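Given next, in structure tokens, is a single chain: the form predicted alone.
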């Protein structure tokens, strides 16, 4: 989808980005990660020509961005920044409608689109359409910022530390919201962050930069297992076993030995099972689980089943442990954003992983 070919940017003789060559796959989330001043944001802004490169080429679907009108280019790409950059004198509807207005949409179409997008980002249109940014919380403003970026249905999103100014609890909520949104929309995303945990949780690929150079680009697990050099190793904390928990996704360690039954199916079958875990479901709702060999009364299945927490497949092991400790549960089910159950995870399983890392 996006190709950067030997892209360089210099300011007054100082090189901000040097000979950067990078390919962003279609429908993938590419994270640009690195310390402050490494060229992440400069690279992002060169894609939509907010900053013009000194040399090199950038192509979208094989077409050079320098063959496009820069204004039309920017209108075709969604752009989300820290603190969203909402216009304070515009309502939520007005902010979402900025690009559609420039594209000549009529007011009725803009309102319909704004309402659709507010529903998509879990904000009630009847409540939020006429509010102003000052009347929103930080998390709500970020959601409106994402809705605005999606207004003209772009295939590409550029996101520059969009959750960086949000408190830790709402930041995690927004990250989970972004993952659900991406699983549904499948946009091509370039996402700048300096937060390693966020990079691992959200990214399909991570490009690590240092002093304007691309050091390594890989998926998370490859980066962890095969860092290109000492800089990458130190950045990821891979020499410190407790920190390594931050960077492993729960999906890689979900125990797949389970079966799924409804209470009625369990009542009609055996009182215990040879499967490690039976996950009880009432339609799409997960009710709990039964451990291997656990005897359970057929007339009180729901009361005797162990309660089960859920964690995102993209969650880190540290997030999974935090959820289990806060809830007091022994086990959590690992789910894809679409609801697919990948397996279960427990504190003892995480402790085993940590032991291996330490050894």
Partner chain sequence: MNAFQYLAQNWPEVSQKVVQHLEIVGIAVAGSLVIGLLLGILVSRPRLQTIGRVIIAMTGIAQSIPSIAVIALIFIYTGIGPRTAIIALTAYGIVPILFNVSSSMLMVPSDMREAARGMGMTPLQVLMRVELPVAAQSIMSGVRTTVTVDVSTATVASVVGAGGIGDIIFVGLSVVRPDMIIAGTLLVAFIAVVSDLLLALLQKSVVSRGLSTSS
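Worth saying up front: this structure is predicted, and the values here are computed from it rather than measured. Residue numbers count along the first chain shown, from 1.
Although not depicted, the form predicted together with the partner chain is the subject of the following passage.
**Q** Can you tell me if residue 102 lies within 4.5 angstroms of the partner chain in the predicted complex, counting non-hydrogen atoms only?
**A** So residue 102 counts as contacting the partner chain.
**Q** For residue 177, is any heavy atom within 4.5 Å of the partner chain in the predicted complex, or not?
**A** Residue-level check for residue 177: no, no contact with the partner chain.
**Q** Does residue 85 reach the partner chain in the predicted complex if we count a contact as any heavy atom within 4.5 Å?
**A** Residue 85: yes, in contact with the partner chain in the predicted complex.
**Q** Does the partner chain come within 4.5 Å of any heavy atom of residue 201 in the predicted complex?
**A** Residue-level check for residue 201: no, no contact with the partner chain.
**Q** Only one of 258, 248, 128, 79 comes within 4.5 Å of the partner chain in the predicted complex by heavy atoms, so just point that one out.
**A** Checked against the cut-off, the match is 79.
**Q** Between the options 211, 167, 218, 135, which residue brings a heavy atom to within 4.5 Å of the partner chain in the predicted complex?
**A** The residue in contact is 135.
**Q** The partner chain in the predicted complex: within 4.5 Å of a heavy atom of each of 48, 71 and 75?
**A** Result yes, every residue of the spot touches the partner chain.
**Q** Determine which one of 248-256, 93-101, 180-188, 118-126 lies within 4.5 Å of the partner chain in the predicted complex, judging by heavy atom distances; exactly one does.
**A** One stretch meets the cut-off, namely 93-101.
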